[in-house]
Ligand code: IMP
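Form predicted alone, single chain, as structure tokens, below.
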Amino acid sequence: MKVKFVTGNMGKFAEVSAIFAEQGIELERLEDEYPEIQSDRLEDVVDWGLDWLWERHKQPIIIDDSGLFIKGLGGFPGVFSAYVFKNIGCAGILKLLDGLDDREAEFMCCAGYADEAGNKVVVFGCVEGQIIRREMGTGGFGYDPIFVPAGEERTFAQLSLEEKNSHSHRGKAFRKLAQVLSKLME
């Protein structure tokens, strides 16, 4: 089974492709942009995006929306994580946290699939951790150099792809989605 994954992020595509390959599902990257609604809930963004893309392509499609929710910043940047990263990056987040002791954070991912008839499946993945005080590591993308998942001493940017996928919010969400799709294909 081949499924189109709508993402412009090649790092994300590599991570998710590896997870889906474990279930015998091949992903193809579909370069398309869709308008993201303004909402404080990841699932609203994914649900609306799936509808919009399905109307446009009428084929099985996968999308996701993720966010970094930092406790000491009241959940910021949350659903606005991509926008905030583009504008202030990891350095900006570290500056916002300067002087704060509460550096607990969680990454959340909402992944969604629409089949050829427009039926949808939406799943979640979450990983708790800490924001460290300086960037470490060169792997991954986005906030990976400043996030250490619970139970680890290294940032996502210091982990191999396989290690990151075993811990990450995206890994958890897409593993669930791949299992659901695998059962649907039986």
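All residue numbers are counted from 1 along the displayed sequence. Quantities reported herein were computed from a predicted structural model and do not represent experimental measurements.
Not on display, but discussed next: the form predicted in complex with the named molecule.
**Student:** Could you spot which one of Trp54, Trp48, Phe141, Phe124 gets a heavy atom to within 4.5 Å of the named molecule in the predicted bound form?
**Tutor:** Spelling it out, the residue with a heavy atom inside the cut-off is Phe141.
**Student:** In the predicted bound form, which of the stretches 116-124, 64-72, 129-137, 23-31 has residues with heavy atoms within 4.5 Å of the named molecule?
**Tutor:** Only one stretch passes the 4.5 Å heavy-atom test: 64-72.
**Student:** Quick one: is His167 in contact with the named molecule in the predicted bound form, heavy atoms, 4.5 Å cut-off?
**Tutor:** Residue-level check for His167: no, no contact with the named molecule.
**Student:** Given that the partner is absent here, does Lys172 sit within 4.5 Å of the named molecule in the predicted bound form, heavy atoms only?
**Tutor:** The answer is no: Lys172 has no heavy atom within 4.5 Å of the named molecule.
**Student:** Within a 4.5 Å heavy atom cut-off, is Ala82 in contact with the named molecule in the predicted bound form?
**Tutor:** Yes, Ala82 sits close enough to the named molecule in the predicted bound form that at least one of its heavy atoms falls within 4.5 Å.
**Student:** With the cut-off set at 4.5 Å between non-hydrogen atoms, does Glu36 touch the named molecule in the predicted bound form?
**Tutor:** Yes - in the predicted bound form, heavy atoms of Glu36 and the named molecule come within 4.5 Å of each other.
**Student:** Are there residues in 90-111 with a heavy atom within 4.5 Å of the named molecule in the predicted bound form, and which are they, in order?
**Tutor:** Going through 90-111 in order - heavy atoms within 4.5 Å of the named molecule in the predicted bound form - there is one hit, Phe107.
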